[in-house]
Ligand SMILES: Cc1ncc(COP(=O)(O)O)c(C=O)c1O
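As structure tokens, one chain now follows by itself in the form predicted alone.
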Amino acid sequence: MERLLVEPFYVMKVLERAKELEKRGEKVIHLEIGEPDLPVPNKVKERALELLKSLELKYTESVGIYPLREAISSYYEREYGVKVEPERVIITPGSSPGLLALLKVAFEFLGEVSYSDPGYPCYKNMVKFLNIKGRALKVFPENQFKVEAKDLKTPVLIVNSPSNPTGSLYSKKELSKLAEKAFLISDEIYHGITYGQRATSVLEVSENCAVVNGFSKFFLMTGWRLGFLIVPKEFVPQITAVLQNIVISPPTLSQFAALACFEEETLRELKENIKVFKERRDLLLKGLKEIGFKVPVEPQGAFYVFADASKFTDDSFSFAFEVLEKAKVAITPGKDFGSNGTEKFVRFSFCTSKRNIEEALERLYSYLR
């Protein structure tokens, strides 16, 4: 058997089968992929069109254009009240390459890296790919699937708040306790998408930290491939060197267009989107509970529901394909997110219209009940 360097995204197997069914004329409702369906902000598209006529799309600096680094620095000061020098901001082609470089440098500087189980699958896969020492920390519904400081034994910890797949949100107090024990790599990609309280940036509680963020979720720019890091000054030269070797520079058009994200008109438009996501969340939560799914943690942020399907199955991987074949609803098996009790969980994404969610719930109800 071929040995895999990293595990695949199992949800992609669901997506591949869904595409096959669609080619045969079946209507599949997609609740598996975490890609916002809402349109890219108008100002961003308008700016990109203007730039295509006037800008030569050459390489930029490996760390990104300075005006965008300044804009991100100003944005974090306005939103979180923290002062970040633009020189500590590094623009990356999507958040994942930035996280990859950051993990390597943090390990070399500090040592072993922890991440939660269940949690976002890229963390364990990147640790494995980089051949650095990593440790999965089991988290449970009783504590909203969050890492507790008492369980932390490594010098580096990845935290994701709001989290994928659970939507859990770390409080300022919880982040402070964790930061006392470890260097925190805070994945803040879902910041801005919260239902109630604002997400706390790790920069508000500690200087012993780094931030991973990007333009794919709140800013809706998935295909533009643009992310950023905020790191300690001593990390900058080494991360820059890594990025120079593996990505050269971030996409030029995307960087200049993204400056429009921080204009007041665009931010108002983006913040209005949260009402749309909240309505979808509430609709999906109510329907899933009526069908018989248990939701131990109602999402406070992001756009996923991590649901306990043990009433219907003890093998959520097979269950995901069963639901796809019989009800034509695509969902993500818990296997993607680790091994700690995930065989009874599935993840539902509400990155689709209320009409699609309603129809998906009707199909699930008809099949499962």
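Residues carry their position along the shown sequence, with the first being 1. All values derive from a computational prediction rather than experimental measurement.
In what follows, reference is made to the form predicted in complex with this ligand, a form of this protein that is not presented.
Chemist: Identify which of 146, 225, 124, 280 has a heavy atom within 4.5 Å of this ligand in the predicted complex; exactly one of them does.
Modeler: Looking at 146, 225, 124, 280 one by one, just 225 meets the 4.5 Å heavy-atom criterion.
Chemist: Counting non-hydrogen atoms within 4.5 angstroms of this ligand in the predicted complex, say which of 96, 273, 176, 244 makes the cut.
Modeler: The option sitting close enough to the partner is 96.
Chemist: Within 4.5 Å of this ligand in the predicted complex, counting heavy atoms only, one of 183-191, 244-252, 71-79, 137-145 shows up; tell me which.
Modeler: Partner-contacting stretch among the options: 183-191.
Chemist: Give a yes or no for residue 116: in the predicted complex, does one of its heavy atoms lie within 4.5 Å of a heavy atom belonging to this ligand?
Modeler: Although this ligand is absent here, residue 116 would stay clear of it in the predicted complex, with no heavy atoms inside 4.5 Å.
Chemist: Would you check, heavy atoms only and a 4.5 Å threshold, whether residue 120 touches this ligand in the predicted complex?
Modeler: Residue 120 belongs to the contact set for this ligand.
Chemist: Taking 4.5 angstroms as the cut-off for heavy atoms, does residue 164 touch this ligand in the predicted complex?
Modeler: Residue 164: contacts this ligand in the predicted complex.
Chemist: Please tell me whether any heavy atom belonging to residue 216 falls inside 4.5 Å of a heavy atom of this ligand, as the geometry stands in the predicted complex.
Modeler: Taking the distances in the predicted complex, the answer for residue 216 is yes, it comes within 4.5 Å of this ligand.
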